[in-house]
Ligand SMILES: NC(=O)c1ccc[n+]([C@@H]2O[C@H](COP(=O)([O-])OP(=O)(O)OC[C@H]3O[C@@H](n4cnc5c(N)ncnc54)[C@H](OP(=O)(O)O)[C@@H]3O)[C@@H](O)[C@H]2O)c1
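As structure tokens, one chain now follows by itself in the form predicted on its own.
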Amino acid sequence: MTSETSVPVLVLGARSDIGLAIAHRFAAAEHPVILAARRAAELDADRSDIALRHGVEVTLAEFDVLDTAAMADFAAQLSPPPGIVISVVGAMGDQAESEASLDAATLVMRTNYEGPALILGHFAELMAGKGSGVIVGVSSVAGDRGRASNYVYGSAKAGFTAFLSGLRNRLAGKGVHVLTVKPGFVDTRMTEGMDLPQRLTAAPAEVAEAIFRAVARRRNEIYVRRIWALIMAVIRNIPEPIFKKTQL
């Protein structure tokens, strides 16, 4: 990515462990970074740390993925505009609560699909007008097949994955590259307390490195740990009569 060193990187969902790891990785490669999140001012210590550690400009931007009416204004006020936009916005929610509450299910669906898809779609249009740019959406292996244990979250991620695929297909040859990232389990605050298998669980820095390399190599879709590609291929191909009897 030597020729793109000065390209500003916008991290949507920068409050998350993965978002901050991504910011550090791109800043280490001399990219200016914009940290976007709700209550962005609370990230000032992180902004200072990244700027001091890596010697790049780091700015904060207030962003609420649920406030779709404000998205165009949010994008317009970024100066200079980002050349790489990475969305790590997401919320797993609670499956039982989503089953029982329309509001809870709506929040999970909007946070994981509607909001991220709309904001990335908007930036993609801006980039297409210039003929250059990179869009990165962090989706999930949960979207590869609906499973009883998390199908509300999984369905939203499935929609997001399909959106990114369609966006990539539409923008092929127009100078805008779209990358879909499926991390699998990640050791973050969101998964704290969960009994995660070590072999299948990545650290936030590992996710950040995988994204950095995939952007440089213009990859289309990646599983952060390759074993997830095999696992999900098996799950996708279980016949439905058998799959209905599983407890996945």
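Numbers for residues come from their place in the sequence shown, where the first is 1. Predicted model, so just to flag it, every value in this text is computed and none were measured.
This next part talks about the form predicted in complex with the named molecule, which is not shown.
Only one of 156, 138, 178, 85 lies close to the named molecule in the predicted bound form, with a heavy atom inside 4.5 Å, and it is 138.
Proximity to the named molecule in the predicted bound form, defined as a heavy atom within 4.5 Å, holds among 111, 161, 98, 150 only for 111. Only one of 25-33, 63-71, 49-57, 215-223 places residue heavy atoms within 4.5 angstroms of the named molecule in the predicted bound form, namely 63-71. When contacts are judged by a 4.5 Å heavy atom cut-off, residue 199 does not count as touching the named molecule in the predicted bound form. In the predicted bound form, the named molecule lies within 4.5 Å of some heavy atom of residue 89. Contact check for residue 9: no non-hydrogen atom falls within 4.5 Å of the named molecule in the predicted bound form.
The named molecule in the predicted bound form is approached by residue 186, whose closest heavy atom lies within 4.5 angstroms of it.
In the predicted bound form, the residues of 8-33 lying within 4.5 Å of the named molecule by at least one heavy atom are, in order, 13, 15, 16, 17, 18.
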